[in-house]
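Here we start with a single chain on its own, the form predicted alone, put down as structure tokens.
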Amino acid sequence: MRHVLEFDSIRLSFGGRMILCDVYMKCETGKITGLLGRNGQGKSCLFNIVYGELRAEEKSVRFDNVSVAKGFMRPDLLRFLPQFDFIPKSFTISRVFDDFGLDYRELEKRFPEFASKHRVAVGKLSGGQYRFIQTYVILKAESRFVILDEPFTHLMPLQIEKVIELIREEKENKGLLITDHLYRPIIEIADRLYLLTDGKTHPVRGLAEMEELGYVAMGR
């Protein structure tokens, strides 16, 4: 059965400056929805509003046409990977996997670099491994939708490839909404793509349309 996450009518301003004013996005199970935009356009603010951790002046967030104001209270519907590290550094990998109801042996079997590290505190891992573990548990835990905010942060190219592989796999089980400053992987994997600029979202089909709307791709 297909499920739908939609949000619109979101308004957010800081110090008299309008950050978000005309936003609409739709994410469906079985699809990857990408969001791109220049730094400071409000992508993280938007995701935090949808998750319910940032108060907006107006908002409408709906799961299968049912309004849900605080997504963080419904992990069965929505899980969120924020930009910052959210798992306490003192937690062992085993503790993290237990908390998310996941089998560590599956990680160990698939990614040998984590073999026999179940008792290691995540704070003792490299920055890339720490971020990878956080992304892995959010992607793999039971939920209908997942929001990923900068999942490629601190990752090496090989780790990015592994995360992209996991995202594509989990597409079969849930709907995924993702943003990252590394725009090429987003364009590559997204089934639906939006550009956020001047407080508004625009459906786009690729980099050319994004550039017409003022998006300047870095590192071309």
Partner chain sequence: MCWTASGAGIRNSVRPALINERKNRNRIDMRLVKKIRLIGHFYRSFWLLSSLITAACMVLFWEYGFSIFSTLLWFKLATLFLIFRFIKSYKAREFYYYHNLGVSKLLLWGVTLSFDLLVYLILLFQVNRFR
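Small disclaimer: the values here were computed from a predicted structure and weren't measured. Positions refer to the first chain, counted from 1.
FYI, the form predicted together with the partner chain isn't displayed, but the following is about it.
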Does the partner chain, in the predicted complex, lie within 4.5 angstroms of each residue among F152, P157 and E169, using heavy atoms as the measure? no
Given that the partner is absent here, does E53 sit within 4.5 Å of the partner chain in the predicted complex, heavy atoms only? yes
Classify Y104 as contacting or not contacting the partner chain in the predicted complex by the rule of any non-hydrogen atom within 4.5 angstroms, answering yes or no. no
Classify D98 as contacting or not contacting the partner chain in the predicted complex by the rule of any non-hydrogen atom within 4.5 angstroms, answering yes or no. yes
In the predicted complex, is there a heavy atom of the partner chain that lies within 4.5 Å of any heavy atom of T179, even though the partner is absent here? no
Look at the stretches 191-199, 45-53, 160-168, 26-34 and give the one with heavy atoms within 4.5 Å of the partner chain in the predicted complex. 45-53
Taking the partner chain in the predicted complex, which residues of 67-83 have any heavy atom within 4.5 Å of it? F72, M73, P75, R79, F80, P82
